[in-house]
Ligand code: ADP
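Only one chain is given next, in structure tokens, and it is the form predicted on its own.
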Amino acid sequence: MRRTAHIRRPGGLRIPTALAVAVMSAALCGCGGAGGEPYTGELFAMDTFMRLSAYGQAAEDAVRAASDEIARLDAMWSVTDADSEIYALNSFGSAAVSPETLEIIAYAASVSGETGGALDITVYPAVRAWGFTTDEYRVPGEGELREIAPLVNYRAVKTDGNTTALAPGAAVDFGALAKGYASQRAAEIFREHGVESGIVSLGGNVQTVGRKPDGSPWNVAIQDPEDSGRYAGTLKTQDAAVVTSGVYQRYFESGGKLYHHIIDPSTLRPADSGLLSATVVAENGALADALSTALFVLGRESAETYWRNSGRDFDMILITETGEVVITEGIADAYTHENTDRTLAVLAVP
């Protein structure tokens, strides 16, 4: 029987075992063989149900250590927890922060600069105005958005030593990078414990360590953004993060129109880029997470240009509103196209 640890939230609420993850069930089942059964831990952090599975003699220690690390990062970066670093920074405009926080701010700034601000951690006031932080959804008026606009500027985030400062009235949120950073740390902890086969599923973020115990690659499903009961395709992968940003992940309807949670920093409205989802495959989880958001905001043409010219080592799968699945050549052979109602297009390696 597969061993499972149920990690409790504050207050003793037990997390249910049925997790919505973007990994095919076959990838997580205990299939025996040389690797034995996995040790699996489940927790709720960063507003997401998470599952971590590892094989080997140190699997339990690795999963517990990785889960503790994710919980620690969540406690530092929560925008609603009054004890968190980010809550203090947003509340007071300046705060002493940890090395991890300084690292993620610097990483975000580099991706923001490369993508023309398509990723911007200071877009949080707009996200809050739309109700995506509280689930009290609403469509903000033009006047409200005009007042918020001067606050959205990633260049205004300043660091001096271990102190970070914001422009007056500004606020930050690491939602576009935190899970990717956390999955990367979890994978590193797995390897530090000698785990050669494992998988970390943090909502739409999946990070694999090695291959499955039988030597085959992990199978990661790419959700069809217009059909919750269907996959657009599946991807065979190892030692990589697979992160998807899409319109289907969080949204609300008002006046017969759908509003999704990925806010374009240039308009402060849900991004209208012609894409339904953007999936990024990269060795680094933080990069995959950041780029999945930025490329979704940029849209197909600009995303392709960035992929060709950025020098970053990643692949991508873009699903467009016009029914195409656009995949970069580096992962084309590992991708199985499931929804043949969509046209498959392969981009040549630059």
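Quantities reported herein were computed from a predicted structural model and do not represent experimental measurements. When you see a residue number, it is the position in the sequence shown, counting from 1.
Here the subject shifts to the form predicted together with this ligand, a form of this protein not shown in this document.
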So which of A232, V206, A176, A186 reaches within 4.5 angstroms of this ligand in the predicted complex, heavy atom to heavy atom?
A176
From the list A241, V220, V123, V111, which entry has a heavy atom within 4.5 Å of this ligand in the predicted complex?
V123
Segment assignment from 113-121, 141-149, 82-90, 221-229: heavy atom within 4.5 Å of this ligand in the predicted complex:
113-121
Taking this ligand as it sits in the predicted complex, is P265 near enough to touch it, meaning that at least one heavy atom pair lies within 4.5 angstroms?
yes
Is S245 close enough to this ligand in the predicted complex to count, meaning some heavy atom within 4.5 Å?
yes
A171 within 4.5 Å of this ligand in the predicted complex, heavy atoms
no
Contact between S53 and this ligand in the predicted complex at 4.5 Å, heavy atoms?
no
In the predicted complex: members of 63-87 within 4.5 Å of this ligand, any heavy atom:
none
